[in-house]
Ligand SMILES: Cc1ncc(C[n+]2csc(CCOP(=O)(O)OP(=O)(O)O)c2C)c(N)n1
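Okay, so here's just one chain, in structure tokens, the form predicted on its own.
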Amino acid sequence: MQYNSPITPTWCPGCGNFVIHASLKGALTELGIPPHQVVMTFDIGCAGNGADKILGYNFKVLHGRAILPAIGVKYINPDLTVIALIGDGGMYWEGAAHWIAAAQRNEDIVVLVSNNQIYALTTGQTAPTTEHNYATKSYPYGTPFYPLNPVAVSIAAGATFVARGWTGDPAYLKELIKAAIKHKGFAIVDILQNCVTWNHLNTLEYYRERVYKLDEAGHDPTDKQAAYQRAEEKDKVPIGIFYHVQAPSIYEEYPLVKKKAGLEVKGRSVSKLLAEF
């Protein structure tokens, strides 16, 4: 499959977004999904700057709002592969309500979160995942609160596929993305990445000393309690699939959003109208 875009990336040299996009393109290619069957929604920020760096039907939306159009696309055409790409700021603060609601409803979309633990494009402010006491532009004397735990919150909210990847292992990240795409229901992959410009704490070396793979540690992803315990680990950083179960999606539970039902408005089809545009 041809997913390479002619647009030259503008991320900083060494940015983890290069790895995320390479892993995503590799995952889609190996799954045999052609670009015309993929819709991607992009938040703003460094993650959002990838909207024109990969072929497909891509939409760049408002900060923290990438999940909503992804859900709308899936309602209209459930056969499409729909992926939202969001930064940790847009996902875990501005877009937190959409994140929780989508997980609770088990919306059948994939969410990839570029988590560099800092607001990077706006030059280094504290993010919801910034480490406690880390000095930033918004908190120059140190971030006063502790970082939000995306994995634990996703599990609690009802997500049926919760994983964490790391840009220091592109091949493993690609396999996690493939598993998320194949999952039926709400799938989120929190991707730890380095920010070479603004985050000098959570570097590749920092993670290399702490990362281990859940599957190699004998973790059972169907055990919710074990998933919580792994998510709360402090000294080590587990990556892999924390939680993975099958449960009815919103499409199975609610008949009005079953296939093609979104094209009917009070018994009147809008298919012809959509075809014109």
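The structure presented is a predicted model; accordingly, all values stated were derived computationally and were not measured. Numbers for residues come from their place in the sequence shown, where the first is 1.
Missing here is the form predicted in complex with the ligand; even so, the following discussion is about that form.
- When the ligand is considered in the model of the complex, only one residue from W166, W99, F161, Y119 comes within 4.5 Å through any heavy atom, namely Y119.
- Contact annotation: of the candidates I241, I250, I54, I44, the single residue with a non-hydrogen atom within 4.5 angstroms of the ligand in the model of the complex is I44.
- Partner proximity in the model of the complex, defined as non-hydrogen atoms within 4.5 angstroms of the ligand, places exactly one of 149-157, 103-111, 183-191, 80-88 at the interface: 80-88.
- Using a 4.5 Å cutoff between non-hydrogen atoms, E94 counts as a contact of the ligand in the model of the complex.
- Within this chain, H63 lines the site of the ligand in the model of the complex, having a heavy atom no more than 4.5 Å away.
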